[in-house]
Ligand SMILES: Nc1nc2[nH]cnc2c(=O)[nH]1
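Encoded as structure tokens, the following chain is the form predicted on its own, with no partner shown.
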């Protein structure tokens, strides 16, 4: 096993890799509880219960998807990169697709599955890299930053910090509610942990917030910590059963958004973590085809289990910082996700005030890419700005992407740089024009 994972070549050992795998798990364990809460629209009190996805089933689906993706990435691609259902895409799934577009979660899962099929085909044919090269880097950064702003906005709403205001659409609450104060406390604690660079700071912040909530009677104390694995049948295989429901203009836009966002996010994460670990050779990623294939198939497998898009996690960088260099650390992370299946009773303490700080902090991390955009070039600044600002204001990742991809060719042509725009961008321009004409209702 040491030879297969190239321990000697990479200068690592079992102890280091196990610690790295544990570190990565603790850094991303929050998704086990945030994902079920988000996909079930737990913070939306007036949403009909019969239309909600089952939280227990999503908890199991999240753990299984993370385990599958992480273990396969470790064994097949041999990279210290873990996977799990992605933040941002789960928000798009719940708040845009299900809540605002009125699409049943069953059909949304089918959309995720189809996006995974497209992802897999493009990964196998090598077209994926060509498409990535065609998209201007400014729009890639803008999409990531815009999702960060959107997630933060959702977190502030869930915390009760930002509320409806008839005069200004949104405004600051009076901050006197106990749950809002608990969320503010959680945000403060999480910020402290992150500033101090505590591995797993987001996860520990949730734990501390939940404990304080129980102490002050804001959260019910669970009867047990370890329990039976929840029933996954409410979500398992539903994506396959509802494949016939995706043939509509509206679902075409949904699938396209799932695909585009994960396309950029997954690839960027793979390159960033591999570079940090010193695994790039001549600025290229060895075994890139296998890594991209694992990432793509994880999307389909996760959808079959019953969760939104599964993707590579930037939190894997925490494990790399702890010394992880081989795929063995990713295998360790995947095994820990399997063990986490027995801790489902803790779902009852994961309320909106507990998850809100995690959403806000993840948003902060994603928004950091704003600094990579060249704001001095107005032809670039306009589409980038419209992309990132439209997402939170329209409450839609899809709309933000569409606006940015429409304005980019226009501003470039007006600047006299139309030839610098890849032909694919003009195709996407027409696609997103159709999005607004046919998909927006």
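What you see is a predicted model, and the numbers here were worked out from it, not measured in a lab. Positions refer to the first chain, counted from 1.
Omitted here: the form predicted together with the ligand. The next part is about that form.
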property: Interface membership of residue 87, the ligand in the model of the complex, 4.5 Å heavy atom rule; result: yes
property: Residue 152: touches the ligand in the model of the complex, heavy atom cutoff 4.5 angstroms; result: no
property: Contact test in the model of the complex: residue 123 vs the ligand, heavy atoms, 4.5 Å; result: no
property: Contact of residue 311 with the ligand in the model of the complex (heavy atom, 4.5 Å); result: yes
property: Listed range touching the ligand, judged in the model of the complex by heavy atoms within 4.5 Å, from 313-321, 338-346, 238-246, 95-103; result: 313-321
property: Residue (of 362, 210, 332, 112) lying close to the ligand in the model of the complex, criterion heavy atoms within 4.5 Å; result: 362
property: Residue among 366, 255, 71, 279 with a heavy atom within 4.5 Å of the ligand in the model of the complex; result: 366
property: Partner contacts for 18-38, taking the ligand in the model of the complex and a 4.5 Å heavy atom cut-off; result: 30
